[in-house]
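Listed next as structure tokens: two forms of one protein chain, kept apart as structure 1 and structure 2.
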Structure 1
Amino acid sequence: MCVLGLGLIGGSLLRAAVAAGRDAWGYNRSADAVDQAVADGFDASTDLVAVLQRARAADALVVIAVPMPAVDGILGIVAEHAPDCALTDVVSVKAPVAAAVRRRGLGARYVGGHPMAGTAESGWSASDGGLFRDAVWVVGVDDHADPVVWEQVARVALDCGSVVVPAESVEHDQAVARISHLPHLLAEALALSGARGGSLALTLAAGSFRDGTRVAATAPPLVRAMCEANDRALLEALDETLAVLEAARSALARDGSTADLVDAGHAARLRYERHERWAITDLEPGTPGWLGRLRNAGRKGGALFEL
């Protein structure tokens, strides 16, 4: 396996893959990250062409692990030096990556991926081979996905300790706009509210403020990259949330009550806490209708715990 990008997610993937017994190596543009990886005993290089030529010779799975703004440029070099390799990614949006892959003529061997894991830290120094343990790893089920590549990508996720949830790219992006990208914007807004309260507010801040603003500590370029690449779905979720807050403001001003929002929000949180994934079984990639069955299972909360 060849990992292109050795930040938090790519670096953690390289660590987890090697720990699982895979022959894995990586690339990063920054020499500092590569030096750190090599010092930690991993196979890494700043020579992208050489890394991809090695991947082509080994028929390796190539993993795109760079921020969205850098994806197209990386794909152009992959198309030149390793066009026949199986290809996946760990980028937080799927439809824009899939579109870029198709533009570069790499769609036949591509299956998207997105591990739902991370921290507010970034870079190789923050990487952790256990980051994906018990996490959800989305594996794409877009039309015409290659079943052999799909199984390769799913096995990587399982080897890293994750469970596999199948999802189509647009549906994935609509979902993560609500449970990942919108929370980043809300955390930024909450952090601003606290800061504008001055020193006393920050001195009094405790668990609810800390937990609500945790992801606001993420490097701003990374937050912008994920949110702006998913602008259409994020705007829909943001508009809906602003309408909810405006209704709550109106009720508070008119009736002195927050009951509608608090009661509905509490019920929604309980629904999340009670939600359980169920195991998808008896499905062999490549059999008639397999992609449609996986899409439907993923929509209903199904996951693969083994292959």
Structure 2
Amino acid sequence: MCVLGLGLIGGSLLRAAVAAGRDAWGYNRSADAVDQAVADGFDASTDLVAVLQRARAADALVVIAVPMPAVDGILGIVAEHAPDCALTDVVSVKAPVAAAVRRRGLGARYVGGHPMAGTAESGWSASDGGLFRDAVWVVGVDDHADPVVWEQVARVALDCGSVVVPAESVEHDQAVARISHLPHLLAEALALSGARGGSLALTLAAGSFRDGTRVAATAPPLVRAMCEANDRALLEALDETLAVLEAARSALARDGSTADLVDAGHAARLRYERHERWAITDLEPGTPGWLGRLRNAGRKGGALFEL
């Protein structure tokens, strides 16, 4: 397995893959991270072409683990030096990566991935072989996915201790807009509202403000990268929420009531608290209708715990 990019996610993946007994090596553009990885006993290099030639010779799975803005450039080099390798990625948005992969002619052996794990930290120094344990790892089920590659990618996720949730790229992006990107924008707006209240407001701030603004402490480049890469789905989610808040504003101004929003929001939070994943079983990649069945199962809260 060949991991391109040794930041928090790529570095953690290299560690987890080696810990699971895989033959894995990595590339990183900056020598600093590579030197650290080598010092930590891992096989890493700054020579992208050599790393990809090795992947081609070994028929390795290539994993794109660079930030979204660097994805297209690195795919161009993959297309040149390892065009027939099985290909996946760990980028937080799926439809734009899938589109870039297709444009580079690499679609036939590509199955996207997104491990839902991370910390506010970044870089190899923050990487952790246990980062993916008990996490959700989305594995793409877009039309025409190759069942052999799908199984390879799902097995990486399971080897890292994650559970596999199948999702189509656009549906993935819509879901994470709601449960990851929108929460970041609302946290930023809430933090701003508190600070605009001055020292008195900050003195009075307690649990609801502290929790509601926690993720606003995340480094702005990380927040921007994930939100902006998912701009289309995030705009839809944001517009829907703006409409909900506008309606609440009108009801409060007109009737002095917050009942509609508060009752619906409370019911929604309870639905989340009661939500449980269930195990998808008896599904063999490549059997008739397998992609549609996985897609449906993912939509209904299903996950693969083994393969």
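By convention here, residues take numbers in order along the sequence of structure 1, the first being 1. The term rigid core refers to the maximal set of C-alpha atoms that superpose within 1.5 Å between the two forms. The structure displayed is predicted, hence computed values, not measured ones.
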{"item": "Structure number, where the criterion is the form predicted in complex with another copy of the chain", "value": "2"}
{"item": "Selected hinge residue, from 275, 254, 200, 21, for two rigid parts turning between structures 1 and 2", "value": "275"}
{"item": "Hinge rotation, rigid parts compared between structures 1 and 2 (°, from C-alpha fits)", "value": "11"}
{"item": "C-alpha positional change at residue 245 between structures 1 and 2 - rigid core reference, Å", "value": "3.7"}
